[in-house]
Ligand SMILES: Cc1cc2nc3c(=O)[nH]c(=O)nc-3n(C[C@H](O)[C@H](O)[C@H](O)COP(=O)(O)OP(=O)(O)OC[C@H]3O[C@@H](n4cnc5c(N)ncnc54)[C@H](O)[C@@H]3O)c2cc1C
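In structure tokens, the next block holds one chain alone, the form predicted alone.
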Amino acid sequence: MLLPKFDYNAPATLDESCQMMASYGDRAKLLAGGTDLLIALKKKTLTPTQVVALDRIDEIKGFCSDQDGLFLGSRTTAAEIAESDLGPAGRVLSQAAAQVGSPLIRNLATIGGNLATAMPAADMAPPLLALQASVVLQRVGDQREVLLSDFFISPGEQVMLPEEIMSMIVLPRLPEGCGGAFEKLGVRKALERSIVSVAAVISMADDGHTIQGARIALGAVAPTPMLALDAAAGLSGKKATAKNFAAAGKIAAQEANPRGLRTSAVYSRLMVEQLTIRALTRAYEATKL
């Protein structure tokens, strides 16, 4: 299947790419790893006249950390995230990145692209939601930082303006005694979009048994990746027990809003319940590491 005709642009800097996007507007699409864009081009669901490739821009690739948190360049690949020690804040993200597609896809797919496509089943969105991540959106002469919980609008749609480029993902530093885990259900282990995914991050009090705070994020069970706010709030101040995790799982299942496209809504809710229990259990175990 032939690609539609377009002009290919390969800027060398972020500033240059922002200038191009400001000039082209909604006639252009950004190309990072290309794992989603190339499929859309082949299917002609997207027909841009300009493609702006980001593969020469090293300033938005890699990661670093300081006392404030962890900073990930948007062009960092899933493979790089999966294979790196990102510290306590990044382990749950690494677990999700390791389950993106196949090894070949992980070598190409970028964290920025995974978020910008705004798919309900995007693997890296739930852990980033659970980690209270934000994204930095750059354009000529300006930038803004948007909480990921405010980023998604609907399937395939997010808040980015046509002239904006996602340059960075910011993860605030977690307090001591935190742990996280990611769980995914798919038909196959590779090349499979999630049927249900759950990420959980919990922080423990000094006694090591009382939950100070929790965040639970769900993927593929609503029009956008979502936080299970009631399930997480119900854990605050309670002991990290199987009974309390089971109760949180039931609440998370009620909060889910599955569309029933790939499986029944009843089955999706049952899997949300079970995967939430697993994710919370593993997150609690991770607090002891």
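Start at 1 and count along the sequence shown; that's the residue number. As the structure is a computational prediction, the values presented were derived from the model and not from experiment.
Here the subject shifts to the form predicted in complex with the named molecule, a form of this protein not shown in this document.
Although the partner is absent from this view, L227 stays clear of the named molecule in the model of the complex, with no non-hydrogen atom inside 4.5 angstroms. At a distance threshold of 4.5 angstroms between non-hydrogen atoms, L108 is in contact with the named molecule in the model of the complex. For the chain shown alone, G34 is a contact residue for the named molecule in the model of the complex, at least one non-hydrogen atom being within 4.5 angstroms.
Contact annotation: S134 falls outside 4.5 Å of the named molecule in the model of the complex, judged by heavy atom distances.
Of the candidates G177, P155, G101, G87, G101 is the one whose heavy atoms come within 4.5 Å of the named molecule in the model of the complex; the others do not.
The contact residue chosen from L72, A217, M166, I81 relative to the named molecule in the model of the complex is M166, the criterion being a non-hydrogen atom within 4.5 angstroms.
Note that among 63-71, 34-42, 243-251, 217-225, the stretch whose heavy atoms approach the named molecule to within 4.5 Å in the model of the complex is 34-42.
Across the proposed site, M204, K239 and E273 without exception lack any heavy atom within 4.5 Å of the named molecule in the model of the complex.
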